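Subsequent text provides structure tokens for two forms of one protein chain, presented individually as structure 1 and structure 2.
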Structure 1
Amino acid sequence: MKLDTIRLIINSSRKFINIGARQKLWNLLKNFHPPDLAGFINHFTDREKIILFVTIHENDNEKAAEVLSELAPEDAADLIQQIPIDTATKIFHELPSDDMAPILELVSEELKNKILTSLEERPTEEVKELLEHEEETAGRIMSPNFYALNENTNVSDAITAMQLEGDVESAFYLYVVDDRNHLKGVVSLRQVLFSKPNTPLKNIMTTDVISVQTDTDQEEAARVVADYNLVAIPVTDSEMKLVGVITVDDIIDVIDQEATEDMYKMVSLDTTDRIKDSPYSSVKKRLPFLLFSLLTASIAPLVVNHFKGTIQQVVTLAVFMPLVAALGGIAGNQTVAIIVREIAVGQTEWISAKKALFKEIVVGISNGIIIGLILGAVSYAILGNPYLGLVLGLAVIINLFIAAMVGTLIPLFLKLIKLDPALGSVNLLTMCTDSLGLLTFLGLGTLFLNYLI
């Protein structure tokens, strides 16, 4: 949607809200899809959001539920806590259990209990079961609604059973179980439609079923779905009993969430920090990371201070210090981004890191030689001292080698010790490239001091 159109819709909506023209507001919004409405909501103040959302609910409760499910769980929980409890309850009646759970986890305990109490018995139990699973696991994001029939059921009875069951969120496959609900196989709905009526499901099912368990990390579940090109994946408990299904729309949400988390962590940001937060809230979230950055960055000044005698004699070295540090940081960040991505998609582990490390070192040295030669030639042309060009060129080559090696090893090591590879990688990398890069540059400057004066 074009930016001008979005701006017009937001301005018109705000005008209708301010004059109390709720029916005109609904007439403006009713033809938009829930994802579009969810995108609009984030442009309004808290008061405007409530009026807009309640207006949608009053005219189309199902659409209000779909809008809520399209919002980020943090935004949805914040909105739910500001609307009347009876309105929230009616909206939650329309939400699938797997969409309810992440929102209820973020609201106050009192509100969560009120909503759960007001819901019908079956959905309440489903949501409670989902909330029992750890956050960011397959069990938390799975849907408990799916087609599953006994392996001895014939095709005709299976079609009848599905028709009586009605539409479910994960209507992609028919799962086949035994008498104890153990997952035995899977049948596509196409196979069911084109098989003879008296054929038992066990005769047409695929027994090699790709599945995950309830405690599987959601990122791993998303990777499996992507690797095998699935539109849904069954979830089993520790006894291989079928308990839920994760659909591709949930997988897309996971991928988006994990990508956002990695982006935040790589720049040392709390994943809950939002532009709408108060300054106090953002300061509280960002200050610890900045203090950690202060600690890691303080090593470089110590290195520079150690060589202050060299710098006093050859002031020109101070001119090139930021350049050496910056090139190392940029090259290192490139390597970190590549390695974190490879870890995220399951392509690289500590045990198989030799190939990745060798490749990144070759890239680092190659880039270092090219850039080092260019900087050495330019500095010689400008300042007329070949030794300064030599010192600068060698320092860049060594620092880009360090950046490649450290940028590869840091995320792999964090993964080895069960920490998020994106967490702290940039801070630790900057500490190494700045301190070791300056140590190399100023150390070489000291070594060639007699030729630089």
Structure 2
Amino acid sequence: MKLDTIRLIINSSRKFINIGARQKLWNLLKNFHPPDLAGFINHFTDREKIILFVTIHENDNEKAAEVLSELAPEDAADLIQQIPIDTATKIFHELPSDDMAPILELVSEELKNKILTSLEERPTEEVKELLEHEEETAGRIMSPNFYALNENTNVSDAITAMQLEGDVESAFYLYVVDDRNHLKGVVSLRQVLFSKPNTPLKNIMTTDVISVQTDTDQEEAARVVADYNLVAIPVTDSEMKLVGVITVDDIIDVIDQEATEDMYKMVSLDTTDRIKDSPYSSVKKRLPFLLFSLLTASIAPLVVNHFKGTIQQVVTLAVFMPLVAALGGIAGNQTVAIIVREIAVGQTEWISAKKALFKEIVVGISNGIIIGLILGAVSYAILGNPYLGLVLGLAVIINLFIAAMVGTLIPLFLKLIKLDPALGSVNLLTMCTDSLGLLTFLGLGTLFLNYLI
């Protein structure tokens, strides 16, 4: 959708809200898909949001539920806390349990209990079960709604059974279980369509089902779906009993979320920090990381402090300090980005850490020699002192070697101690390349001091 169209819709909606023209508001909005409506909603003030959302609910409760599903859980929780409780309950009736769980977790305990008790038996149990699984696991994001039938059911009965079950959101497979609900196979709806009515499911099912367990990390589940080109993956408990299904739309959300998290963690950002947050909330989120940065960034001054005497005699060294530090930082960031990203898309299983380290070091030294030679030659040409060129060139070569080594080791080390490989890696890297790079540069400067004065 074009930005102008969006502006127009938002301005008109706002006008209708302010003059209380709810029917006109609905006429304007009714033809939009829920994801579009969810996109619009963030542009309104809290008061406008409520009127808009309640208007959708009054005209099409199911659509209101879909809009709620499409909002980020924090935004959905915000909204739900501001509308009348009976409206909220009605909307929750239409919400699939897997979309309900993350929202309920963010509202007050009181509201959560009210909503849960007002819901009928089944979804309440389902939501409670989902909430029992750890965050960011397959169990937490799976949907408890899916088609599963006994292996002895024939195709014709299977079709009837699925029809009775009603519409199951994005169901493309029929899972086949034994008498004790163990996952035995899978049949695509395409196969069902093409098979004779009296064929038992066990004759047409694929027995080699790829599945994950409830405690599998959601990122790992996403990788399995991506690697095997699936559109849904069944989730079993520890006894291989089928308990849920994760559909590919939720997998895409996980992949997006993890890509954002990787990038955010690399630069030491809270993973929930967004542009639309209030400045106050962003300051609160970023400050701890900046205080941590203040610590990591304080190492380099301690190093430089030791060389005050050298700098006093050759101030030109101070001039080139930012260059040596920046080149190390940039080359190191490249290595960090490669290693973090390859770990994220699951390549680490395939690479040996030793090979990666060796390769990056070779690349670092090679690039260092080329950049170092250029820099040394240029600075000699401009400043006329060959020793300054030598010191500068050597420092760059060594700092690019340090950058390659540290840039590889930081994410691998973070992974080894079970932290996220991206976590604060750019901070830690800058700390190393700044302090070790300047140590090298000023150290070499001190060594050649007599030739530099």
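Heads up, when I say rigid core I mean the largest set of C-alphas that superpose within 1.5 Å between the two forms. The shown structure was predicted, so the numbers you read here are calculated from the model rather than taken from an experiment. Numbering runs along the sequence of structure 1, starting at 1.
Trainee: Choose between structure 1 and structure 2: indicate the form predicted together with another copy of the chain.
Mentor: Structure 2 is the one predicted together with another copy of the chain.
Trainee: Aligning on the rigid core, do we see the C-alpha of residue 282 shift 2 angstroms or more between the two structures?
Mentor: Result for residue 282: yes, a 2 Å-plus shift.
Trainee: Relative to the superposed rigid core, does the CA atom of residue 436 travel 2 Å or more between the two structures?
Mentor: Moves: no, less than 2 Å.
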